[in-house]
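One chain follows as structure tokens, the form predicted on its own.
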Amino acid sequence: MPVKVIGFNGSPRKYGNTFKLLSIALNSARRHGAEVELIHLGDLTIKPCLGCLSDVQEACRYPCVIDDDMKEIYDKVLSANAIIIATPIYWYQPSGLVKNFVDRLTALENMIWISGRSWVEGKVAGVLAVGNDSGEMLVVSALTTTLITMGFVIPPFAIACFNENRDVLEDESTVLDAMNVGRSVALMAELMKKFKAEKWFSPDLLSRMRDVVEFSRRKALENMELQRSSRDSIVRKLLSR
């Protein structure tokens, strides 16, 4: 059974550079054995996150309390092996469509504190960012960091960026990057499908490894004593100037 890759277009324009790169990435994933689906976030009603976990940690869970199209998207993400998020760059950040979508994925990630595991842990992700001006690295950095923290796996070469006011299809370097996003996501999804690991994030690790904390505290104090004289000497020289 082939791996499933879902691409999310975070642009309200279904014909622009964001769509074009996502289409290329998904078709490359298909060529490398994946079953693919493209979803336009602009067609959906995805309301902003209510921040329930800030009141009660366990209140943020699947299914989310908000009644909107995210209910269907949750199930699609859960059934997929990988996702590719494509976003235009709006003032050095992803679009509001993408921000709401990613924020709402917290209901799957926060299942760590309900079931002991993030429900997106081990799924694969790639990111595409497109704009007419600068900000692309801020966008992909923010998104990839968030996705990794949620439990997604970001494979090598799984990002592509473009920040020029012209047709991206004329830029072969970026087109190649997008093709490799699709390829790397599909290949990693296949690997993760075969790789049966224990859960990556362990919510009870601290209670089982208290001795590691004490070891760190003790060694830091020992090192401070060893370095105290030399550090004090540096401070005295600075103060005497």
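Computed from a prediction, not measured in an experiment: that's the story for all the values here. Each residue number is its position in the shown sequence, starting from 1. Between two forms, the rigid core is the largest collection of C-alphas that superpose within 1.5 Å.
Just so it is clear, the following notes concern the form predicted together with another copy of the chain, a form of the same protein that is not shown.
For the chain shown alone, N81 is not a contact residue for another copy of the chain in the predicted bound form, no non-hydrogen atom being within 4.5 angstroms.
Taking the partner from the other structure, another copy of the chain in the predicted bound form has a heavy atom within 4.5 Å of a heavy atom of S134. In the predicted bound form, another copy of the chain stays beyond 4.5 Å of every heavy atom belonging to I85. Contact check for L238: a non-hydrogen atom falls within 4.5 Å of another copy of the chain in the predicted bound form. If you take 83-112 and check each residue for a heavy atom within 4.5 Å of another copy of the chain in the predicted bound form, you get Y90, W91, Y92, Q93, P94, S95, G96, L97, K99, N100, V102, D103, T106, E109, in sequence order. Relative to the superposed core, V65 undergoes a C-alpha shift smaller than 2 Å between the shown form and the other one. Superposed on the core, the two forms barely differ at S173: its CA moves less than 2 Å between the shown form and the other one. Comparing the forms between the shown form and the other one, the C-alpha position of R228 differs by 2 angstroms or more, with the core used for superposition.
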